[in-house]
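This document starts with one chain, in the form predicted alone, laid out as structure tokens.
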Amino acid sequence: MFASRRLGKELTKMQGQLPPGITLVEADNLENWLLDIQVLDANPIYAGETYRLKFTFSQNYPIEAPEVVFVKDDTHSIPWHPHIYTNGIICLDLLDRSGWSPVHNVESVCVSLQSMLTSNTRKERPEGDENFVRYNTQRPRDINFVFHDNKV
């Protein structure tokens, strides 16, 4: 019940106005939302690109972080970044159990991801991307990433 109340408030606010480069695409239910983000600075890695995010909410949101992944489809690719796997899974402490706080919301996650992309200077995938994508069977929220690189 708390999740639906909180998501309803967030949705109402987001339908009014979002920060530049963030677009609400679909929020037909309180379980899955789609948003598009763009990097608005002059970073050549992401120039002219729009990336799609899928948010999946549990009954425990906002106590528990949403599951957030980049989605690849006919018009959206997965951004190149040392913390984003080719299957769209994002290694970001904010989305981890230890880094999440109920003060965060969908908008703050999108802004954090925009910032993460904006500051990146390396067009590469995480080390071990191919094996991770091939063999991982865990949902993103259940993966215990080791956060050791604040440079990208």
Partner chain sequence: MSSPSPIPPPNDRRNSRASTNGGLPNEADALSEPSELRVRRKSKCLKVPPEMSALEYASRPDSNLVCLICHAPFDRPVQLLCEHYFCRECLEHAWAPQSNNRKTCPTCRRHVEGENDIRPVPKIIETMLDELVVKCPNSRTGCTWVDHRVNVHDHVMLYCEYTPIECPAADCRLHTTQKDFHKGCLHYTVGCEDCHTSLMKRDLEEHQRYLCLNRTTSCALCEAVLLRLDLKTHINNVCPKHVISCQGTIVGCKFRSERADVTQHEMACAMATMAPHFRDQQARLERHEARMEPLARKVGILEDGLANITNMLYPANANDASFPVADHLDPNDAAADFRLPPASFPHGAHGSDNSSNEPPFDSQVHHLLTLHENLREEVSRISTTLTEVEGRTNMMIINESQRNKDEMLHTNAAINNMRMQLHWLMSATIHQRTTSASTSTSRPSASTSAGTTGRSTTQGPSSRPGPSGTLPAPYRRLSDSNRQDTKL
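Residue numbers count along the first chain shown, from 1. What you see is a predicted model; the values in this text were computed from it and never measured.
One more form of this protein exists, namely the form predicted together with the partner chain; it is left out here, but the text below deals with it.
- request: Please name which of the stretches 102-110, 33-41, 122-130, 66-74 has residues with heavy atoms lying within 4.5 Å of the partner chain in the predicted bound form.
  value: Of the options, only 102-110 has residues within 4.5 Å of the partner.
- request: Mark residue 9 yes when one of its heavy atoms lies within 4.5 Å of a heavy atom of the partner chain in the predicted bound form, and no otherwise.
  value: Taking the distances in the predicted bound form, the answer for residue 9 is yes, it comes within 4.5 Å of the partner chain.
- request: Find out whether any non-hydrogen atom of residue 29 is located within 4.5 angstroms of the partner chain in the predicted bound form, and reply yes or no.
  value: No, residue 29 stays farther than 4.5 Å from the partner chain in the predicted bound form.
- request: Report whether the minimum heavy atom distance between residue 88 and the partner chain in the predicted bound form is within 4.5 Å.
  value: No - in the predicted bound form, heavy atoms of residue 88 and the partner chain never come within 4.5 Å of each other.
message: in the predicted bound form, does each of 2, 62 and 98 have a heavy atom within 4.5 Å of the partner chain?
response: Yes, the whole candidate spot contacts the partner chain.
- prompt: Are there residues in 113-136 with a heavy atom within 4.5 Å of the partner chain in the predicted bound form, and which are they, in order?
  reply: The stretch 113-136, when checked against the partner chain in the predicted bound form, contributes no residue at the 4.5 Å heavy-atom cut-off.
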